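First comes one chain, alone, set out as structure tokens in the form predicted alone.
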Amino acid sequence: MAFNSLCRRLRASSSRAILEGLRGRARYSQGRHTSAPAQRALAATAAGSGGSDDRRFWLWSSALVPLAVAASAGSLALRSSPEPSLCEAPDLDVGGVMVGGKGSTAYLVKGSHKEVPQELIDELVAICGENVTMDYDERSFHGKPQNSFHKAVNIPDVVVFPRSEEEVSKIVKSCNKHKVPIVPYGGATSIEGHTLSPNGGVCIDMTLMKRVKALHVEDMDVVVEPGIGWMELNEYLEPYGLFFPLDPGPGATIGGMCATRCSGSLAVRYGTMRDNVISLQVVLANGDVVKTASRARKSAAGYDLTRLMIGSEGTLGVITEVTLRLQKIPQHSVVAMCNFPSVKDAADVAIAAMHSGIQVSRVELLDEVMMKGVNLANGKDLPELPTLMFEFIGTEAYSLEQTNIVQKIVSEHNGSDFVFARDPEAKKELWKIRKEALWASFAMEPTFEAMITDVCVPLSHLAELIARSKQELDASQLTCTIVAHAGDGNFHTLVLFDPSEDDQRQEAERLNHLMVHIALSMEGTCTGEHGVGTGKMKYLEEELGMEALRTMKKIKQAVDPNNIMNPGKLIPPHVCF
């Protein structure tokens, strides 16, 4: 997420400003009409302004008549249905493999439409007032991620901007009644196709719901709406000496971070999203609002619905409220940087530092290609060698003690040029190198796109994984940079390719597949923090097994029998029961 957000800001900041203006005009002009005749006229105007009806209003239909699964005290029972099994429609890629299924290489997500009923449009306007739009540019923006090579054949038919949990509940209930699909939308910083609308339907943009509802300083927790960004939240918390420790991309919102189970560079010390969320409120497919837990720091009361929803990517419900655990802002910190002859040497030091028992808050690795991009983008003259960056926090004495221990470890593993900073401006300048890694990559290939990998392995396998991957990356004709959260075994490769050249895209896909399969062979995962979406579905059977996927599908069918909640994401289409 961190890399996607930076790229989205780089590529789309100017268009966002323009679209905000369009959004305001569209909401005002369209939201005023609440009667059915007026809305029909509005729909015709919106379609006509963007081109032909066939192009602007993709018709949504379900190729699947889903089976309803009834949850009882101890079992899930299938209701009668003309369908022999619960499977997705068999959309095939060029190799005859189901799109998104095991072995698929397709990146264009297919779907089908039926016309969104005028009755539903009237209901949405009655619920949201002026915060409803069918403007083509706005729908296109919400349906086409700014930094994702995954595309969909369709875009949302309607975009709504609710202001409260009650409005979200009513929206979802209406969509469920009409069996129209829903796609929740936050900061749009994800890169695996989470916000695509392959079946059209209703996009629920949560960005107007961004209030801090309650701050409990003594308990070190905060209750927020999902549309608030993590950076905005930390600005609010700073005067109280508190902060929320997860740090993905700048545009990421708390709701989206929950939905994708994200983390960031501080996860090595504070954990991922699943470790930092105390409870949620979620709107289910029938419009019911569920509270997943109390505000207590621990509980053994019933199923852990909080963890079920975290990482569900909008397929089980729409998150409307989040209670987060907070941390004290550290008294002191030190940022250090050092170089190595190879990425394996750098990874070995990261592992040794974690084994030493010191409380490192960040351990980030950049390879020599990335450092070349850093120099090019920033006019610097840093050594173009594999580089490790550390952050140590605590008291001044403790931070310096940790720094000295790591410096000794570095000297024992062929490290050189160990430098560290305690001055706030110097620390900011050093850490800027890491934070602007994606910008630096595009400095080498300004017109290219990036395919970003997200594999994660047990820490003891990290050095081998990076070394094996690096051999393939260096042998490729594509420009490939590496950035790793080396303290928890998670690393990203930014594979730069020309999207207009099929051979380059296929080579990028080949490298992606290779790294994923190496990671899975080491008991790792295809995604450490970016989530599944449409892009990683094809790897889940190998990673989790079919029985786990069938269980996931049964849960999905139990809470969303009409399959309206972000359909076509997370669960591979070839999973049947």
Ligand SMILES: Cc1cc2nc3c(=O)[nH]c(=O)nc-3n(C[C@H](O)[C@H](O)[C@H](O)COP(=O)(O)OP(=O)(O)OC[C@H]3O[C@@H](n4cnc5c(N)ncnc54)[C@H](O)[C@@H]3O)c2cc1C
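One-based numbering along the sequence shown. Since the model is a prediction, treat every value here as computed from it, not as a measurement.
Another form, the form predicted in complex with the ligand, is not on view; read the next lines as being about it.
Asker: The ligand placed by superposing the site C-alphas onto its pose in the predicted complex: is the shown form open or blocked, blocked being 3 or more ligand atoms within 2.4 Å of backbone or C-beta?
Answerer: This form leaves the site blocked.
Asker: Is residue 461 a contact residue for the ligand in the predicted complex, using a 4.5 Å heavy atom cut-off?
Answerer: It does not: once the ligand is placed as it appears in the predicted complex, residue 461 has no heavy atom within 4.5 Å of it.
Asker: Can you work out whether residue 156 and the ligand are in contact in the predicted complex, taking contact to mean some heavy atom pair no more than 4.5 Å apart?
Answerer: No, residue 156 stays farther than 4.5 Å from the ligand in the predicted complex.
Asker: Any chance residue 441 has a heavy atom within 4.5 Å of the ligand in the predicted complex?
Answerer: No, residue 441 is distant from the partner.
Asker: Within 4.5 Å, heavy atoms only: does residue 470 come near the ligand in the predicted complex?
Answerer: Close contact is absent here: in the predicted complex, residue 470 is far from the ligand, nothing within 4.5 Å, heavy atoms only.
Asker: Using heavy atoms only and a 4.5 Å cut-off, determine which of 133, 189, 199, 481 is in contact with the ligand in the predicted complex.
Answerer: By the 4.5 Å heavy-atom cutoff, the listed residue in contact is 189.
Asker: State the residue from 252, 466, 172, 388 whose non-hydrogen atoms include one within 4.5 Å of the ligand in the predicted complex.
Answerer: In short, 252.
Asker: So, a 4.5 angstroms cut-off on heavy atom distances: do all three of 194, 257 and 485 pass it with respect to the ligand in the predicted complex?
Answerer: The answer is yes; 194, 257 and 485 each reach the ligand.
Asker: Out of 116 to 124, 421 to 429, 290 to 298, 307 to 315, where are the residues with a heavy atom within 4.5 Å of the ligand in the predicted complex?
Answerer: Within 4.5 Å of the partner lies stretch 307 to 315.
Asker: Determine the residues of 213 to 250 with a heavy atom within 4.5 Å of the ligand in the predicted complex and present them in sequence order; the list may be empty.
Answerer: Residues within 4.5 Å: 226, 247, 248, 249, 250.
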